[in-house]
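Only one chain is included here, represented as structure tokens and corresponding to the form predicted alone.
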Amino acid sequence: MASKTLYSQRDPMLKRDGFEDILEERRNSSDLKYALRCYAPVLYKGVTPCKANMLKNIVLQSDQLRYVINQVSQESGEAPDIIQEEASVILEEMAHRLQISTVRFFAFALSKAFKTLFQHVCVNEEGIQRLQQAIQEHPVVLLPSHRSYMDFLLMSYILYTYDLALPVIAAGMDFMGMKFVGEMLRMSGAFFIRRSFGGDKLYWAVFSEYVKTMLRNGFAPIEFFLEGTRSRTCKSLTPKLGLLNIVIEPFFKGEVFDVNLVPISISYERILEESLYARELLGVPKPKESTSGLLKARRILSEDYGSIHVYFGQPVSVRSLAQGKVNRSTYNLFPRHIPRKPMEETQSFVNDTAYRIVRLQEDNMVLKPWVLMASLLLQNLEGMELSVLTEQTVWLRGLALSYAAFLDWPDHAPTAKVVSSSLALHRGLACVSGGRVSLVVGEPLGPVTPEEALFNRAVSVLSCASYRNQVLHVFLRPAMLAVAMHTAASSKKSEWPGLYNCFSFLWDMFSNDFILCPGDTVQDFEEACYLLVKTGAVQMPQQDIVMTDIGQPTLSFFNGLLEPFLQGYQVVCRYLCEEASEGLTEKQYIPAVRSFAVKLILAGNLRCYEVLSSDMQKNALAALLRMDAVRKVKVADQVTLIVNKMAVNSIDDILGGKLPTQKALLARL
């Protein structure tokens, strides 16, 4: 049964499923027998699996694609047969060719690899049972979080293990450059799409009809990543709406009774690409996907990457969600095969659905003790006594649990052992020396310049930050209120109308860095108040918010949690006001801001290494563009940034502690 509810305020007594380790059986039985076992998944309404060539023919003969082919033919002046051939070539390049023999090969190879890389791969079997039921009832769309290249291989491996229908998976064209491997991925269910289509009407028509044909007929579950790409920071990314629009459209047009969206949370105790991500964020080009690169990566097989938790969430019914929000009767006014731009209410619905699905992914992310330790170490870059780190980790564990964090803390294990085990697993990031814990900085092979030393330190900090970022969704709202309280008054007492204005400003400012559902500012403010009151950090007599005697550690921690983001955005504002040239292009922006930040750090005027992250710099620019403090102007082939220095200075002042101007109060407290 699919759920009607997408998201409700966090319930600390929220019941979540337990986990089973699927590697346990693999360690005690033959991998070859596992790979060659009988595989007979139950399909949607008992449909017969569709062969690849038959699927292509259905797509090419569809009314919608023929309509677009005729349209493109009229616009270009080329014969329809030529455009039809182009469509066929696009489809040939794109389409999957699922073969069970290739799936069995991957099942065998991945069993060997997973047992070497990971201690456990844990799956909530109740979620698997819900998914099995959902697949039989309505077309299913699998929406996993995306933190690693491992994600889509892991998903297919789990579904094969539980004898569920294997998904067809949207993958980037990058993988096509991998000789042999790219074709093997195609034969295990991947279909390849360009990163952007531009204005290519024919490509979009082929792609959308291919996906909708699979969905309408229920040939296989469809899998894609709402975030569009891997998150290099391990924070959830702003969802991309293109594919979600495509899979929901058949419901709007009455071509299917319902569509089940299944949010899936994949949590890695240790991320395979952790140092690679940090270097990418610091401007080192991403390595091109290649078979030789994959072979060179074999050295990771000698490392321990801890555990993976995969949580299959409650299937979400699009039909139930859309009730009272989208008027589907308007779709009857036009022939179904004629492509139409989504209506405003439809776009709003899809956008809201995407954000709330990502929130569900976040809520079911399993957090390990290390994410709490990383959060504390990043607020103490000079290092911490091991005893102090242990004590504060226990305190932070209690705070996280009271905020309904999904924390995997070993049962009955002494705290000291939990902390020492986490440090051992992440010994590449932190070490203990003389009873003191500090971040590890890569040892240079020879003499280094100050800039190189700074880069090595930044790699360490950004790698550690990728783990802290995993817990930010738990603390974000109360942390923004804590910053607002710090901004609003130096005393213990603050009136909540002013706090709401400050909270609302931060909410707007950081809505590219975090998943903040559009229109939820008031609800998020109320949640922040509720959580801080619940944990005794503040009291709310009448229309005031007052810090309690025991609230200082909590509010101080929360202020420290958001400090890197506040400083990062301030550095961007300072650069745009003080250093940016008149003709600054969008392409020059990130290297220029990074260079400016490096100078500040080397001069001793800045200690925040996270400012060097390209992700933070992009999100800061996106916020300034959204708030009309910066504009983009296209000149020739380049995009130039036009800075409103007065507006940017004003934003910089607020980030530095000045209260924003009053605006109409919407809170219902």
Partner chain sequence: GLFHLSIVVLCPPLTSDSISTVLAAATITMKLTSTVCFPRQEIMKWNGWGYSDSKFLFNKKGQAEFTGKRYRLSGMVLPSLQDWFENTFGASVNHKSPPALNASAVPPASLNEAFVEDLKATGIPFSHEAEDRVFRAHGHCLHEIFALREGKKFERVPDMVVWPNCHSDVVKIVELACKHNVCLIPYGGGTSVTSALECPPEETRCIVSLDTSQMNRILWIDEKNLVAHVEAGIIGQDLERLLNESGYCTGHEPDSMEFSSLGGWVATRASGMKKNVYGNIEDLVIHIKVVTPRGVIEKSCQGPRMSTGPDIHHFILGSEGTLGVVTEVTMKIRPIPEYQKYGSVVFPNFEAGVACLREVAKQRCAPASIRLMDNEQFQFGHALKPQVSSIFTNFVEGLKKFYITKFKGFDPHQLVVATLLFEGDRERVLQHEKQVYDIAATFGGLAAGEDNGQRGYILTFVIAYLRDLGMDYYVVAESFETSVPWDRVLDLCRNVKERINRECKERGVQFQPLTSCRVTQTYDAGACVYFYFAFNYRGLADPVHTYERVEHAAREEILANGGSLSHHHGVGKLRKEWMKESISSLGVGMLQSVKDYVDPDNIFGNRNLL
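Computed from a predicted structure; not experimentally measured. Positions refer to the first chain, counted from 1.
There is also a form predicted in complex with its partner chain; it is not shown, and the following applies to it.
Scanning E255, E526, E126, D304 against its partner chain in the model of the complex with a 4.5 Å heavy atom cut-off leaves one residue, E255. Checking F514, Y331, Y355, F596 against its partner chain in the model of the complex, a heavy atom within 4.5 Å turns up for just one residue: Y331. When contacts are judged by a 4.5 Å heavy atom cut-off, R319 counts as touching its partner chain in the model of the complex. Although the partner is absent here, R457 lies well away from its partner chain in the model of the complex, with no heavy atom inside 4.5 Å. Within this chain, R607 is remote from the site of its partner chain in the model of the complex, having no heavy atom within 4.5 Å.
Mapping the unseen interface onto this chain, K45 counts among the residues with a heavy atom inside 4.5 Å of its partner chain in the model of the complex.
Heavy atoms within 4.5 Å of its partner chain in the model of the complex belong, among the stretches 333-341, 527-535, 105-113, 577-585, to residues of 333-341. Using a 4.5 Å cut-off on any heavy atom, none of the residues of 551-573 reaches its partner chain in the model of the complex.
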